[in-house]
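One chain comes next, on its own, written as structure tokens: the form predicted alone.
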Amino acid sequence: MAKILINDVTLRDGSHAVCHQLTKKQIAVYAKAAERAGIPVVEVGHGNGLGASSLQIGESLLPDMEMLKTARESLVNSKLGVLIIPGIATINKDLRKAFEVGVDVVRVASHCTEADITERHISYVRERGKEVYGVLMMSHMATTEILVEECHKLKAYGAEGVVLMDSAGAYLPGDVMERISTLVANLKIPVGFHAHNNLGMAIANSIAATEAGATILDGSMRGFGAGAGNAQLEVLCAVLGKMGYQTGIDLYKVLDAGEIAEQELVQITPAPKGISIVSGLSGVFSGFSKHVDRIAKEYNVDPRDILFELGRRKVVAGQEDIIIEVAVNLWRKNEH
């Protein structure tokens, strides 16, 4: 059986679940637990990546570099990873400083049809001799043929692997099998998958990706992440082990890390609930859930109506201002 590279997004995607308010102590405690478990890559930062802290998207409690320095101090064998989105993160302001702190792995992400914007960032990381992967977000919004074309661009720019993100938790296992198997057949670099659990499919979809040839999987402890959360990392490791896959992660210690995450990080364990289920059905970015819930209460409208309208408009991350526009329109319609 193949070896599966596990990328732990607890301290990055997980920050969505607490509105990006992870403390220095929480980061340090969890990073030490991840190191003990032998997790290969620990991704750290704002939920939307480096440079994303803002009023529109959500302000982090700590500056990016403080989060990275805190994690770096606790990671010896585990690599320190970051996510960057060109247009949000810059080379001079963010990437250069991240390398000074000691970041090992960079994942450069774009909307699933916009890989062109990643070229400069991927090239810069390669020039610095660091690991770099290309990531396509909201991948359910593109056909398999287009995903293949975009992944070929990422490879040409220098990406050492590509990762499909199910950012809305919209996939079913058959969707994952079809996309991943096609990418594996057409690319000569590793293919990965990042699941969200909005429809309760995160583990099933991750396993489907593996069975289709993916060798990189994302997960977070207790599923700590945006919307209904990610693939629950300790469950994912256990299932992969049962199936004969090698992760290099110590089972008992990863289970211990799950307990630590629940005690130290997770205020409410993510699970598929009404708003996240509709987010999956409508194909809306999981990170919108808290914004939609808050704005729906403010305007006294149904958050599910907001999500379905956002899905109809094909709104993506970075367009949070449209949530208010949709809520106002629904409020006016209800008033009349």
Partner chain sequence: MKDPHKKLKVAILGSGNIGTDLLVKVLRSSYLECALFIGRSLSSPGMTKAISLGVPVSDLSIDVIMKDPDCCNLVFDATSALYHKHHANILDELGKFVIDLTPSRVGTMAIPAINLRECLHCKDVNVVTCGGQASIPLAYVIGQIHKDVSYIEVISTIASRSAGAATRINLDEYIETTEEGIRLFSGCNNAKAILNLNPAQPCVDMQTTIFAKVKKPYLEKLRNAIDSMVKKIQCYVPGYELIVPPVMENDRIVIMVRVKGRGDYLPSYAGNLDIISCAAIAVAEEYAKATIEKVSA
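Since this is a predicted model, take the numbers as computed values, not measurements. Residue numbers count along the first chain shown, from 1.
In what follows, reference is made to the form predicted in complex with its partner chain, a form of this protein that is not presented.
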Counting only heavy atoms and a 4.5 Å cut-off, does its partner chain in the model of the complex sit next to every one of Lys25, Glu66 and Gly274? no
Options 276-284, 47-55, 263-271, 28-36; stretch whose heavy atom lies within 4.5 Å of its partner chain in the model of the complex: 47-55
Could you spot which one of Ile249, Ala170, Ile88, Ile180 gets a heavy atom to within 4.5 Å of its partner chain in the model of the complex? Ile88
Exactly one residue in Ile117, Leu187, Leu255, Ala204 has a non-hydrogen atom within 4.5 Å of its partner chain in the model of the complex; which is it? Ile117
Classify Tyr299 as contacting or not contacting its partner chain in the model of the complex by the rule of any non-hydrogen atom within 4.5 angstroms, answering yes or no. yes
Taking 4.5 angstroms as the cut-off for heavy atoms, does Ile322 touch its partner chain in the model of the complex? yes
Mark Lys93 yes when one of its heavy atoms lies within 4.5 Å of a heavy atom of its partner chain in the model of the complex, and no otherwise. yes
Check Glu59 for me: does it contact its partner chain in the model of the complex (non-hydrogen atoms, 4.5 angstroms)? yes
In sequence order, the residues of 98-114 that place a heavy atom within 4.5 Å of its partner chain in the model of the complex are His111, Thr113, Glu114
